[in-house]
Each structure stands twice: as C-alpha cells, then as structure tokens.
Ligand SMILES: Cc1cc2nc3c(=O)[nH]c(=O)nc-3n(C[C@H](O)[C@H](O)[C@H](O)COP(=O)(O)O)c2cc1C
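Just the one chain here, laid out as structure tokens, in the form predicted alone.
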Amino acid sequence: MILTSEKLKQIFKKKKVILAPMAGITSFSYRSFMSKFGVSLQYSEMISDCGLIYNNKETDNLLYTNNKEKLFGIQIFGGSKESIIKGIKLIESRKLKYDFIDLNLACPVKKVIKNNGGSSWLNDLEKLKNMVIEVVKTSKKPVTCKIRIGIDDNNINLYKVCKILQDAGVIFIAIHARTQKQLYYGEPNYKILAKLKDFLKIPYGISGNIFCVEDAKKALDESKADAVLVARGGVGNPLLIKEINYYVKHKKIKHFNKNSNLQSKFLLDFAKRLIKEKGERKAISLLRGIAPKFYSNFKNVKEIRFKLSTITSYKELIDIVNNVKMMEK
C-alpha cells in the first residue's frame, strides 16, 4: 500500500493516536510494545544524515526493524539539502520495509540547530521550500514532516510553512505547538492551528503536553487536528493510547485501571523486548531512565522508583518488580 493523504485521513477516523518519535526511546522494541495498544502511525528515532553518510554504528542500530511494522516511518534530520537526500538514498539502499520518510524540522536542541538541522530550517523559508521539493521528488516513499509553530513569538510563520510543505507534495504534517525558543517548556499553543483545517487539504497532527486523555481532548478540540501525537506522556503509560482511542470512538472520557500489578506486567514485557533487541547491558542502561515511569503517580513507590533508576541487571529488575505490592493511585 502506498500511503497518501486520503488514506491517512481514513486511518485517523478510527485511530487518532500517533506514537511520536523520541530520541533514546522509540526503538523497535518500544514501538512493538506500544503498537499493541492501538497507535496509528509510528516513527523511528531521529536518524542523522551524517550518521548514515559516515556509516556510524549507532545510527545503523537506530534503523533496526523486523520489516513487519505497519505504517512505520523513518525520521531523518540534517543541515543541508544535499546531505539529507544522500541520507535518504542510503536508507533506500538497505533492505528495510517502511512506509514513509519523515523530515524532522522541529527539534530545538542546540547541538542539532547549530548544525542547521531540526527547527533551524524554519529560519529560511526559501531554503526550506527548495529542500522539501527536492526530497519529495527524490524519495521513493511518501514524505511527511514534523515542525514547530515558529522560532519564537515574534517569528511564527506556521501557515506559510504548512503551505510550502503541502505544495511540495508532503502528505502529512505533525506540528509541535511550541516555538523553538520554548524547547519543551511552557504551554503549547493549540488554538493557533485551528484555521489550518480550512487552509490545508492534507491532514495534520498536534503534538505537545499530551499526558492524559483530557490533554488529548483539549489539543484536538482547540487545534481541529486530524490526529494527536503521544510522546513523553505515553512513556510508562501505554494505556493512555487506549484511553484516547476510546474517547475518539465514544466521545466519553474513560480512565482504564492502572494498578501496580498491571504496570509491572507492562514493564517486564517492554524490558524483555528491549533486551532482545539491544542486549542486556545496553537495555538495562536505557531502562534506568524508563522503568521508573511505569510507577509514576502511585503512592509509596518513591523507593521502588529510585531502585529502578539504579538497576544493573535484568535479575535485579525482576527482584524489584516482584516486590511491588498492589497499589492504587
């Protein structure tokens, strides 16, 4: 199936939750774990064009997929049209099954923007236009983009940028409703997106501060977006995906039971997948930052969360999880 804007619109009518790309999080094991909760689209972690060009081993690891993922996109970032296109061609030269290429035009991190990547592309709209037109023309797969609403409060060209991307042939735009200057702080501006519904022919998604189903409802209502991207709010909280999908289908807010025993089951499922993909040593290192989030908002778990942040082996993880007693929020 070749993905198109119209096909995406049909998909979003039933499933509006997109698993947002996150550096250090959305590896194959995380995507495979989260996909069973009902996500519509999913992305790789950010892939550096230079990492591809210089055959970086870690970049190679970030591209791992079992080639069975559905509606899966590879997200690439870079600082020049030429290097991004070269990176895409290198991806195409591999035996990878994916559905779309996503251009990261949103990352606000200093080490990315200082090399003209991520959201720095929003500084020069003519340069942006030329790059995206060439990428769409070159890529064998459909192209999507992730952007921010602007550089700062005095430099917001959201509608111009979206028009450029649509005219270039992009089939979907994911929009983080903060400026580059805001990074990941402050309130996202969902309402600024509302008129895009009448302005664009292609679908767009809303991103930023989606930590509960009420956040998703607010974001969708105010932005009029076709889909919502779940990032940090879904880490350790996979049932959030189901809650949002339930709301979309029934127009009612429902909170699924998130007792500690169920969260422990989810954590061990994810841990096994991560170890299988990365090996125990690398997986345990990553789990120190992720595992404690499975017990967020539970009472009397401060000590457990601390222990999880210092684990050194899978056996240690099992011992901690086995000692978790039934706890309600």
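When you see a residue number, it is the position in the sequence shown, counting from 1. Computed from a predicted structure; not experimentally measured.
Absent from the display: the form predicted together with this ligand. The rest refers to it.
Under a 4.5 angstroms non-hydrogen atom cutoff, this ligand in the model of the complex lacks residue 89 among its neighbouring residues. Taking non-hydrogen atoms only, residue 117 never approaches this ligand to within 4.5 angstroms in the model of the complex. In the model of the complex, residue 317 stays away from this ligand, with no heavy atom inside 4.5 Å. The shortest heavy atom separation between residue 213 and this ligand in the model of the complex exceeds 4.5 Å.
Of the stretches 244 to 252, 127 to 135, 204 to 212, 80 to 88, only 204 to 212 has residues with a heavy atom within 4.5 Å of this ligand in the model of the complex. This chain is drawn without this ligand; in the model of the complex, the residue among 197, 181, 94, 232 with a heavy atom within 4.5 Å of it is 232. Here is the short version: of 52, 274, 291, 46, the single residue with a heavy atom within 4.5 Å of this ligand in the model of the complex is 46. With respect to this ligand in the model of the complex, the three residues 16, 71 and 144 uniformly fall beyond 4.5 angstroms at the level of their nearest heavy atom. Interface residues of 13 to 42, taken as those with a heavy atom within 4.5 Å of this ligand in the model of the complex (partner not displayed): 20, 21, 22, 23, 25, in sequence order.
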